[in-house]
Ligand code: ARG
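Encoded as structure tokens, the following chain is the form predicted alone, with no partner shown.
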């Protein structure tokens, strides 16, 4: 099947209708957008194109689909679904501002299925809030999902994910609205390390993580990394595509064998999103 093929296939959404007009997380800055809507819109178009180019240069195939007027956060398709082994489980959004995305992404994913890029498309039941790969991240090294819950996704969704995919799902409760999705503060890297912000997780979640992952495989992120949305990164093997970083973080990741590719994603950070949020892995497999 095509979804088993190499290279990696990533979904992105054209930023034609992107803006920051409301605030449903602490990062969203509609007032800042209003100061220069034309300039920031132009920057967003350029940033999306630069991210796509960086991903393609790193070996990915990018499926770019249209956005929809009135749904500016569609540019963050990581929140649209969880995909594994050609099967997609579509999200249910907690905030009314994003619920219009559900029907639009259902149509997009049915189109991908019709093209043979997916085998199955299903939806969570209404009221079972779960916001896609943003809160359910596959760890290829360990063969299970890490699932964030609290600010956006419900604890009940963890069981629904495990039932649908037939793989382990390890719940991690999020403690900070700044890390409203797990992907803002948690990133399994291609070489087996986990790059994470301790302050994003409850003490119980930290205990769960540290019981499952040895200390030498954990890389602690800083508040500076959080502000730069560096943890919200796309991994293509040992290549890590992320928003603009710092010399300290570059040195830290390079010392572990990773190559960083940095893109200025400032206009999207005004909505609380980075590189991972702006993509969805359609070719993710439980067996490499």
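Positions refer to the first chain, counted from 1. Everything quoted here is computed from the prediction, not taken from an experiment.
Omitted from view is the form predicted in complex with the named molecule, to which the following refers.
Asker: Could you tell me which stretch in 40 to 48, 22 to 30, 237 to 245, 62 to 70 has residues with non-hydrogen atoms within 4.5 Å of the named molecule in the predicted complex?
Answerer: Going by heavy atoms within 4.5 Å, the stretch is 22 to 30.
Asker: Considering the named molecule in the predicted complex, which of 195, 145, 105, 180 comes within 4.5 Å of it through any heavy atom?
Answerer: Contact with the named molecule in the predicted complex is made by 180 alone.
Asker: Which pick from 201, 184, 88, 157 sits with a heavy atom within 4.5 Å of the named molecule in the predicted complex?
Answerer: It is 184 that has a heavy atom within 4.5 Å of the partner.
Asker: Is residue 130 part of the interface with the named molecule in the predicted complex - any heavy atom within 4.5 Å?
Answerer: Contact check for residue 130: no, nothing within 4.5 Å of the named molecule in the predicted complex.
Asker: Does residue 134 make contact with the named molecule in the predicted complex, using a 4.5 Å heavy atom cut-off?
Answerer: Within the cut-off, so yes.
Asker: If you check in the predicted complex, is residue 277 within 4.5 Å of the named molecule, heavy atoms only?
Answerer: Residue 277: contacts the named molecule in the predicted complex.
Asker: Can you tell me whether residue 92 touches the named molecule? I mean in the predicted complex, with a 4.5 angstroms heavy atom cut-off.
Answerer: Flag for residue 92 set to no.
Asker: Let me know which residues along 235 to 267 have a heavy atom within 4.5 Å of the named molecule in the predicted complex, or say none if there are none.
Answerer: If the 4.5 Å heavy-atom criterion is applied to the named molecule in the predicted complex, 235 to 267 yields nothing.
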